[in-house]
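Just the one chain here, laid out as C-alpha cells, in the form predicted alone.
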Amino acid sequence: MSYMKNILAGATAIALGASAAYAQDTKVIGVSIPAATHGWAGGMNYHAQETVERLEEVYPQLDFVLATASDAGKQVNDIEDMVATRNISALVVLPFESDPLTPPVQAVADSGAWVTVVDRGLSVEGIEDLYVAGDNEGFGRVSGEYMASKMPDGGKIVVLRGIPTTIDNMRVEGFEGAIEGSGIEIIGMEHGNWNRDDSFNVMQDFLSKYDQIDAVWASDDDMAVGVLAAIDAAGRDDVQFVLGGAGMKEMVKRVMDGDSMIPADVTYPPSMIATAIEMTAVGLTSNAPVAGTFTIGSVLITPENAEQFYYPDSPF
C-alpha cells in the first residue's frame, strides 16, 4: 500500500503526540524470532533487542516480551507461552519455518490479537494483519543492474545461489532479467546455501573448472566470504570483483574503504525486524493505518553512501 511508505517517518511524532486515550491499559507485544544461528540472524537479533529497549522508553503504555528460538519447536512453545502467561495484544513473528509455525500463529490471530509476520511467510495466506519483508526480486535486479554497469563490455561470471527456495528463485530471476542483453555470460551457477563453507567449496570447483572468471555474483555476504577465501587460496587474479548482499558490516566497511574486490553491496536488511516492531507499536497506540504489506526495497551500497549502512556495533 502506497500510504504505508509514510508511516515510519511519522512514527516518532505519533508516539510523542499520542493522547491519554491511547494509554488506558498496558498492552503487551510479543516478539518471536529465530536465534542468532548465522550472520544475518545475528543482525536481526541485535536490531530486535535495540528496538524493544528504545520503544519501551517511547511507549510507556506498552510492554514487550522478546523470545529467540533455535528451532521451530522452541518457537511454537515460545508463542504459546506468550499467549498463556502474558496475554499478548500483538505478535511480531519471523517464522523459523513456515509450516510448523502456521497453526500457533493462526491461534494468536483467532484470539483477536494483532499479528505481524516478517520475511518468511506462513503456509496459509491472510492470517497476518501486517507483512514486512525485503524485495527479493528487487534484490536480484539491483545486483544485476550493478553488474551490467560495472561490466559494460560484458564478461564471464559465476553465480552462487542460496538455499533452494522461492525467495532464491525470485532473486535469480531478477538478476537474470537485469543482465539480459548486457553481454554478461553466466558460465556456472550452483547453490552455496547462504553458507561460507559451502560457498568456499563451490567456488573452488568453479576455479578448477574455468580458466577465466571475470566476476562473481555471490548473492549474499556470508557466501562472498567463502568465495573470497577460495580465490585467495587458488592465487587467482582474473576475478575482478565479487558482489554479495545483505549489508554485512565487514563488507560495508570494505566498500567504504574502496576495496576493489568488494566495490559494492546490496541491502537486504536484518533491521526489517525493527520496522515490523515499530509499525506494530504504532498500530496499537494510534489510529495510523498499518495493515497490509510493507516491502523494504533493496538499495545499492557504494562508497558514496556506505556510511549510512554501517553498523559497527552490530554482530552482522
Partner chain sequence: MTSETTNSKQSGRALPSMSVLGPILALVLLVVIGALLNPNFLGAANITNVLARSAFIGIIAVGMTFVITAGGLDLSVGSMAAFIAGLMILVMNAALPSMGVGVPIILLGMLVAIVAGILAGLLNGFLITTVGIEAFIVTLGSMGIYRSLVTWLADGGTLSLDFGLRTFYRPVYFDGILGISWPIIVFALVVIIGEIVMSRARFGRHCAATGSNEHVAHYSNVNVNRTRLITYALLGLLVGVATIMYVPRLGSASSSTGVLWELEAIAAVIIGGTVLKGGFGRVWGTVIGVLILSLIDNILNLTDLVSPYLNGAIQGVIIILAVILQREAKAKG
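Definition used throughout: the rigid core is the maximal C-alpha set that superposes within 1.5 Å between two forms. Residue numbers count along the first chain shown, from 1. Fair warning: this is a prediction, and the values are worked out from it, not measured in the lab.
In what follows, reference is made to the form predicted together with the partner chain, a form of this protein that is not presented.
This chain is displayed alone, yet in the model of the complex one of 169, 182, 89, 106 has a heavy atom within 4.5 Å of the partner chain; that residue is 169. Listed residues 208, 77, 85, 111 were compared with the partner chain in the model of the complex; 208 is the one with a heavy atom within 4.5 Å. Across the options 238-246, 213-221, 200-208, 126-134, residues that bring heavy atoms within 4.5 Å of the partner chain in the model of the complex belong to 200-208. Shown here without its partner, the chain carries 253, 264 and 298, none of which come within 4.5 Å of the partner chain in the model of the complex through any heavy atom. The partner chain in the model of the complex comes within 4.5 Å of a heavy atom belonging to residue 161. In the model of the complex, the partner chain sits beyond 4.5 Å of every heavy atom of residue 144. Using a 4.5 angstroms limit between non-hydrogen atoms, residue 174 is distant from the partner chain in the model of the complex. Contact between residue 28 and the partner chain in the model of the complex is not found at the 4.5 Å heavy atom cutoff. Contact annotation for 116-134: no residue has a non-hydrogen atom within 4.5 angstroms of the partner chain in the model of the complex. Comparing the forms between this form and the one not shown, the C-alpha position of residue 70 differs by 2 angstroms or more, with the core used for superposition.
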